[in-house]
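In structure tokens, the next block holds one chain alone, the form predicted on its own.
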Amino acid sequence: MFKEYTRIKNIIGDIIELEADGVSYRELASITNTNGEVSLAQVIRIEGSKVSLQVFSGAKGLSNIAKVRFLGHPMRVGYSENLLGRIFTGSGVPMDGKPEIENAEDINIGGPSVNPVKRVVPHNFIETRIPMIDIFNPLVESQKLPIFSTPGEPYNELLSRIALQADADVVILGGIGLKFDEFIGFRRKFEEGGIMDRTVMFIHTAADPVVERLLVPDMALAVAEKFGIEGKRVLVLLSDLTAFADALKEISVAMEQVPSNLGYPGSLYSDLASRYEKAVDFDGAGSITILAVTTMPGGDVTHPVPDNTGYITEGQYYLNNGVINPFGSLSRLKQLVIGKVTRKDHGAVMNSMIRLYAKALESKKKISMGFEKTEEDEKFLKYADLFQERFMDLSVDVSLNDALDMGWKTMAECFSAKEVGIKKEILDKHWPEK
């Protein structure tokens, strides 16, 4: 039997407080206002008989004599194969004009990550057809990677390209605080790219209540976990987790918690880790791979959100000035696939090209300081231009093997075989003939 209360003692922002007993942490409640409107809320703190709930649709206009009914279970999302091709709000309500999904299985959100015993070591390469990813920092199935970016960079366009071109059975997009045109952009690209029928979207726009941002990652990951258990290779895209962390901060301030760095809650690391750790390769089933945008206010990588994220994830893609920076980016799991799943010459091409590009940037810097340009500098300057045009430009769309061949061609156009620092047995097999 549901427990119902009719006296709210305090309303602070989107947080309500009341006296109740027998309720549990994260338990869901429905709130019926005096005008008949019904809102959902979740228990976020219990102090004796004092219970605090966050109201997902916001507490504006809520009466202190509204009826609060505890439902006896945490927040749930309906799961069904019919989720594919559908778009939902941050609280799981259809926003595509289609009806609720019938006979959906209710699954709890925000549960624990998968038991390590049920995991296998990541070993599959996910090709994205983006050279700066595939050659230099390959994406590995079941990996968790953030995209570090300053606001205004084309990170949503990058996510869209990866969704369209990556080999995945299911794509799940969690939009957190998206501008409406960003949401429409995702939808249009997915429809035009022909992947909408294997995509599920959970969208929170900037016009929606801030507190609903907290639901989006858990909704997306709960559904992803169910698809993964059923044998699907799932790619989860989240944009952006800084907006999620800001919502955590807002709730923390409203609850008068002791703030940590820049006002974020002391639980920030655990809050982020509990979401990222959902990435998994199931033993005998499917997998979940997570790519999540983390915008860095002012480009500050020491900001609490990217700083904590760096300790949780297995590297990062660093998006700067419209390109993936080859020196700021890292995939710690790439050694599991380079030369094992990919071509044998992959490691040699990757290492040599990055080393030559670093030297090319040194030549540019030297010349900008007024030093005389040498014949060797000319080679490096030509190489830098070709590298940026053929590999760093995000519009380049090419398979990994073609990108590796293009790498050999680029090096051969600028240097002799002896200048690239690659072993003779590999050069003999792959160096382009004049």
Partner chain sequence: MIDSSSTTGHVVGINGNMVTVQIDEGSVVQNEVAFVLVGEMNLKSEVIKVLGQQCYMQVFEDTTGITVGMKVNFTGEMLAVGVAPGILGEIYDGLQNPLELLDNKDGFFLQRGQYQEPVNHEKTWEFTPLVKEGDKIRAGQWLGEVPEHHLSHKILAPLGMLGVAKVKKISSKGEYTVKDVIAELELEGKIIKVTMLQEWPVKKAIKAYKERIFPEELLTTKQRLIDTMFPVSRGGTACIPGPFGAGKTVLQHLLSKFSNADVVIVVACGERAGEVVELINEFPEMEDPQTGGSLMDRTIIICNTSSMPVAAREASVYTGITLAEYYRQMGLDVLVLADSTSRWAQAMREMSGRLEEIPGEEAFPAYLESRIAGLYERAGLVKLHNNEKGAVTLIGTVSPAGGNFEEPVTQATLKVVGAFLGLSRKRSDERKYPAIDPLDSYSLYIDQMADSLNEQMDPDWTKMVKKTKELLSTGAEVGKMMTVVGEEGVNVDDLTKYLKSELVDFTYLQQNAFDDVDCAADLSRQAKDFKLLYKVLSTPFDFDDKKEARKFFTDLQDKFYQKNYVETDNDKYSELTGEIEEIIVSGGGKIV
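The structure presented is a predicted model; accordingly, all values stated were derived computationally and were not measured. Numbering follows the first chain given and starts at 1.
There is also a form predicted together with the partner chain; it is not shown, and the following applies to it.
Undergrad: If the cut-off is 4.5 angstroms on heavy atoms, which of these, R69, R390, K382, R45, is the one near the partner chain in the predicted bound form?
TA: Result of the distance check: R45.
Undergrad: Would you kindly say which of P116, G152, P99, G298 lies with a heavy atom within 4.5 Å of the partner chain in the predicted bound form?
TA: Of P116, G152, P99, G298, the residue with a heavy atom within 4.5 Å of the partner chain in the predicted bound form is P116.
Undergrad: Just checking whether E225 would be counted as a contact of the partner chain in the predicted bound form - the rule being heavy atoms within 4.5 angstroms.
TA: Heavy-atom contact with the partner chain at 4.5 Å: present for E225.
Undergrad: Please tell me whether any heavy atom belonging to V120 falls inside 4.5 Å of a heavy atom of the partner chain, as the geometry stands in the predicted bound form.
TA: V120 belongs to the contact set for the partner chain.
Undergrad: Would R188 show up as a contact with the partner chain in the predicted bound form if we use heavy atoms at 4.5 Å?
TA: No, R188 sits far enough from the partner chain in the predicted bound form that none of its heavy atoms falls within 4.5 Å.
Undergrad: How about P259: is it within 4.5 Å of the partner chain in the predicted bound form, going by heavy atoms?
TA: Taking the distances in the predicted bound form, the answer for P259 is yes, it comes within 4.5 Å of the partner chain.
Undergrad: Among the candidate stretches 166 to 174, 334 to 342, 210 to 218, 77 to 85, which one is within 4.5 Å of the partner chain in the predicted bound form when only heavy atoms are counted?
TA: One stretch meets the cut-off, namely 334 to 342.
Undergrad: So, S24, F148 and D283: all three within 4.5 Å of the partner chain in the predicted bound form by heavy atoms, or not?
TA: Yes, each of S24, F148 and D283 comes within 4.5 Å of the partner chain in the predicted bound form.
Undergrad: With the partner left out here, which residues of 291 to 307 have a non-hydrogen atom within 4.5 Å of the partner chain in the predicted bound form?
TA: Residues within 4.5 Å: V301, T302, P306, D307.
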